[in-house]
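A single chain, nothing else alongside it, follows as structure tokens in the form predicted on its own.
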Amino acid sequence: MGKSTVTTKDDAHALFHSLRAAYSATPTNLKIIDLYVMFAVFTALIQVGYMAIVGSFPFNSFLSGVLSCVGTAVLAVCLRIQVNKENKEFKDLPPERAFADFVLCNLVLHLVIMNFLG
């Protein structure tokens, strides 16, 4: 049983090292988008934790906040897919157009969320 634990630990270490090496080759603009996605998801998790501790009296506000964070994260992932140079599906799409789509979709998302708040 001890040998299996050692090989599992070595495999996990090798996997982590290969992922870290591959991510170090990622362009800076994609890393910035990744940080933005992590921030949006982290903010949604904080809101869920706050709701679990304090309560969800204005439930529309809770739903609006969480859906805003999740929707923004999804739109940022879509932006990352479109801006990535290694993605051949969007090779003809300029990054400026992808960013304009991101901004427009965020405006629509937040207008819907503001309308949902009442």
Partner chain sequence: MAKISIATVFMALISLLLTLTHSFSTENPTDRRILVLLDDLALKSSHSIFFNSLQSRGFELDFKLSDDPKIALQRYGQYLYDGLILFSPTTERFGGSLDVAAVLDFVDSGKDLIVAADASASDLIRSIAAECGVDFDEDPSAVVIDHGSYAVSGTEGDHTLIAADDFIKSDVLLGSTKIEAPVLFKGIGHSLNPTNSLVLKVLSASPSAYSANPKSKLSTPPSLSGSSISLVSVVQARNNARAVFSGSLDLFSNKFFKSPVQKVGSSNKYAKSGNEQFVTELSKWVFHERGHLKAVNVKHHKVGETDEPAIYRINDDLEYSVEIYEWSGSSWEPYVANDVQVQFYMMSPYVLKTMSTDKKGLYHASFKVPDVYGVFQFKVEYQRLGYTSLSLAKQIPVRPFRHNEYERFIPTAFPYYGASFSTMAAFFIFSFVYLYSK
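The term rigid core refers to the maximal set of C-alpha atoms that superpose within 1.5 Å between the two forms. Positions refer to the first chain, counted from 1. A quick note: this is a predicted structure, and the numbers were derived from the prediction, not measured.
Keep in mind that the form predicted together with its partner chain is missing from the display, and what follows is about it.
Contact annotation: N29 falls within 4.5 Å of its partner chain in the predicted complex, judged by heavy atom distances. Interface membership of F99, defined by any non-hydrogen atom within 4.5 Å of its partner chain in the predicted complex, is confirmed. The shortest heavy atom separation between Y36 and its partner chain in the predicted complex is within 4.5 Å. At least one heavy atom of M114 is located within 4.5 Å of its partner chain in the predicted complex. Taking its partner chain as it sits in the predicted complex, the stretch 36 to 51 comes within 4.5 angstroms of it through a non-hydrogen atom at Y36, F39, T43, Q47, Y50, M51. Once the rigid core is overlaid between the shown form and the other one, H110 counts among the residues whose Cα shifts by 2 Å or more.
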